[in-house]
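Take a look at this single chain in structure tokens; it is the form predicted on its own.
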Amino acid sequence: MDIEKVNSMDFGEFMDVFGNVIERCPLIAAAVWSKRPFSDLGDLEKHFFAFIDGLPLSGQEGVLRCHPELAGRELHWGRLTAESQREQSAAGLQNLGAAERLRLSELTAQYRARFGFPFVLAVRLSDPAAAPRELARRLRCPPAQELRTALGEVKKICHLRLADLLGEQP
């Protein structure tokens, strides 16, 4: 779809299309809708990012808490959003062996205990073997730095999802 189509969408249609660009945070899409018209993908993306950046710390952490665990129960129980299902499946996370799944599960539990939100990684930009390495690395980061890193991953995911919807190369 082109940007003119996006700009002509009524609220309901915009929410149907963009409501999950930021995982399970339709409120952000609702706020962004009011910023129309958008000049291009970058402009649309800028408004999503600005909303996240403008949130207080508790709101930013809330955005992160809306993300599922990588290769977690939601994936195996089929309870992911359609977008997350596609992303985690394409990254091969549903095909991990028992030892890989256990290692990832242990690391994600440590991460959640340390930071209070799930580990977020734009898995489309990496491979399944990278997730445990990245988790182990990021577990050593100071909390404020990790919050910024995790929000950066949310923005990468948003960028990829918006590019998909607008038929542009990410």
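The first residue of the shown sequence is 1; numbering continues from there. Keep in mind the model is a prediction, meaning the values are calculated, not measured.
The following text describes the form predicted in complex with another copy of the chain, which does not appear among the structures shown.
Notebook entry, point to check: Quick one: does R103 come within 4.5 Å of another copy of the chain in the model of the complex, counting heavy atoms only?
Noted result: R103: no, not in contact with another copy of the chain in the model of the complex.
Note to self: Within 4.5 Å, heavy atoms only: does F38 come near another copy of the chain in the model of the complex?
What the structure shows: Looking in the model of the complex, residue contacts with another copy of the chain do not include F38, since no heavy atom lies within 4.5 Å.
Checklist line | 4.5 Å heavy atom contact, S58 and another copy of the chain in the model of the complex | finding: Result yes; S58 sits at the interface with another copy of the chain in the model of the complex.
Item checked: Close approach of R24 to another copy of the chain in the model of the complex, 4.5 Å, heavy atom -> The answer is yes: R24 has a heavy atom within 4.5 Å of another copy of the chain.
Item checked: Contact segment among 128-136, 141-149, 47-55, 103-111, judged by heavy atoms lying within 4.5 Å of another copy of the chain in the model of the complex -> In the other structure, the partner sits against 47-55.
Item checked: in the model of the complex, residues of 26-54 near another copy of the chain [heavy atom within 4.5 Å] -> Read in sequence order, the residues that approach another copy of the chain (within 4.5 Å, in the model of the complex) are P26, L27, I28, A30, A31, W33, S34, K35, F51.
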